[in-house]
Structures are given as C-alpha cells and as structure tokens.
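Given next, in structure tokens, is a single chain: the form predicted alone.
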C-alpha cells in the first residue's frame, strides 16, 4: 500500500461576533450588510478592520451585486473573490450559474439567494451572472436589523491522501493480506523496531532486515479512557495501552478490550500479557486489529 484515503472531521461551535453575526442573520432577509470603518466598507461586516484596526462605526446595506475579481475551479464547484459594489475588500464565496468558458475576471455578478434560509452563510447560495436590474450605493442600514447570531454550529472536513512510504506501506500490506505484523532489525544494535522505520531511534544506524512479529506481547503502560471524543473506535470506558510485542524493542499503541469496563482499572496493569484480536475488516491499517485481549492464565 502506498496511500490511504483519510478524513479529518471536526465539529465545533463558531462564535462570529456581533458584526458578522448581524451579517449572517440578515442574509436570511436577503440583505447584504457591511460595516463602515472610517472611509472603508467591509463585507461581510466586521467588528474591526483587519488592515487598519479601526472599529466599526456602524452598519451599511449594500446592493447584492459586484464584480468578479478572481476565481478558481475545483471539483466541488467554482470559488471566487467578489468585490461587492461599494465595498473595499473582496468577498470569497461560491460562483454559480456560469459555464466555465464564460468565467472572466471583471464579470458582473449578483447574489443568488437560497430558497429557504438555514441560518448560515449559504443563505446566500452564491453569486451568479448579473441581470440588468438597478443597484444602489451603500446606504445606512435600516432600523430593526436582525439580532446577531451568537453561535453557529459548524463542521470542518478535510479529505486527503496520506502517503505511507516504504516502511509503513510494507507493514500495512502484510496486515491486510496476511494478518502479519512486520518489523525491521537495526543493522548495528539488532533491536527489532515495530512500527518499522528507516533508522534505529537509539543508535541511528540504518535498519536492514525484515522480520515477522507475533501479535502477542506485554502491557508496558495503560490508562482507562472515560471521555468521549471525535475519532474513537470504542465506546468509553476502554483501556488505552502501550504494548511491547514479543521480540521487539519499541512500543505499539493500541487498545485492550474484551473485559468488563467496571474491572478495567484492576484487570489490566503493566506486565499483563495480551494478544491481538483481528477484525473482519481489511483496511490495511492497525485498525484491522480490533483490540488486544488479556491472555487467560498468564501472570501479569
């Protein structure tokens, strides 16, 4: 294996601040609200000008139209910098309704509103080709602006290809195809390293010889995890452990399972003997081991 499709996903609560909170709330009313900072107008509205540090002096309403300053075409659509009429800083947003061949710098664009507001920046679905309707210069925002959104629920998702390289690729190939763990021996001190790597982390000599490692070993250190967090494969409580497999000189991080959670604190301790429990998955990663189980009758 050379790469693995990987996703980092992190849900969190965004606190937009008063000015941007008003901007987001007013999108549901199909209005673009900016902020005035001296002689500069920013869209979306900001509490402070990021260039000058000037605080907002008040809100202004801008015509929902502008000029396309730059754009990039991605697999998920077109993103562009739109300089809204009367604003001094371009606004990054989706560009919709254009054939790729018709995208040009300087094209006039206008707001395309979502059919139903959802309370996010996508209440402004994007900017599309502008019609011939009249616009207006920035004007003082009307009375009765919407209350600012104080919090916005958000999920950041990053999809990428993780490159294993030669050593981890060889290990994970063996895990997926043969249910084997493979380590490497140091050419000088002869320690067996798992996970494998190009150089020994003690004497720094290059590694030289591949060896099979039995998926049996001893707990060196452990902790009972009670807190839930993103990315867990087991529901807490469970035992998170540093393991030294027989014949190796390095630690492997994994979980100890198959025990009553109520007994976890006393059932597992440094010195406990464990062995791998393989899953039915064949992902080519250490997640193909569900967990390590205690070996009955073996002394701790």
Partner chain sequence: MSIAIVGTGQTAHARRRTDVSQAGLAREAVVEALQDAGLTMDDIDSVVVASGPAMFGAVNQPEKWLVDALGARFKPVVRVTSGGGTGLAGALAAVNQIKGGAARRVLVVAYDKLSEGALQASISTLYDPFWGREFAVGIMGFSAAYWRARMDRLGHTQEAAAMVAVKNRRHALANPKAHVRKEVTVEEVLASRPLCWPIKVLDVPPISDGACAVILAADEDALAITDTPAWINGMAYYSEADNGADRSMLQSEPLQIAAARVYRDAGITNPFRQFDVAELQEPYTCFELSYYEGLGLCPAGGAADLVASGETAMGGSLPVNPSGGCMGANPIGATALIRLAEAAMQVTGKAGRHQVPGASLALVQAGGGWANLRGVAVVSSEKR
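All values reported here derive from a predicted model rather than from experimental measurement. Numbering follows the first chain given and starts at 1.
Quick note: we don't show the form predicted in complex with its partner chain, though the next part is all about it.
Asks: Choose from 188-196, 110-118, 209-217, 139-147 the stretch whose residues reach within 4.5 Å of its partner chain in the model of the complex, heavy atoms counted.
Replies: Flagged stretch: 188-196.
Asks: Find out whether any non-hydrogen atom of residue 171 is located within 4.5 angstroms of its partner chain in the model of the complex, and reply yes or no.
Replies: It does: once its partner chain is placed as it appears in the model of the complex, residue 171 has a heavy atom within 4.5 Å of it.
Asks: Closest heavy atom of residue 102 to its partner chain in the model of the complex, within 4.5 Å or not?
Replies: So residue 102 does not count as contacting its partner chain.
Asks: Under a 4.5 Å heavy atom criterion, is residue 222 part of the interface with its partner chain in the model of the complex?
Replies: Looking in the model of the complex, residue contacts with its partner chain include residue 222, since a heavy atom lies within 4.5 Å.
Asks: Considering non-hydrogen atoms and a 4.5 Å limit, does its partner chain approach residue 277 in the model of the complex?
Replies: No.
Asks: Which residues in 240-274 have a heavy atom within 4.5 Å of its partner chain in the model of the complex?
Replies: Contacting residues: 240, 242, 249, 250, 251, 252, 253, 254, 255, 265, 269, 270.
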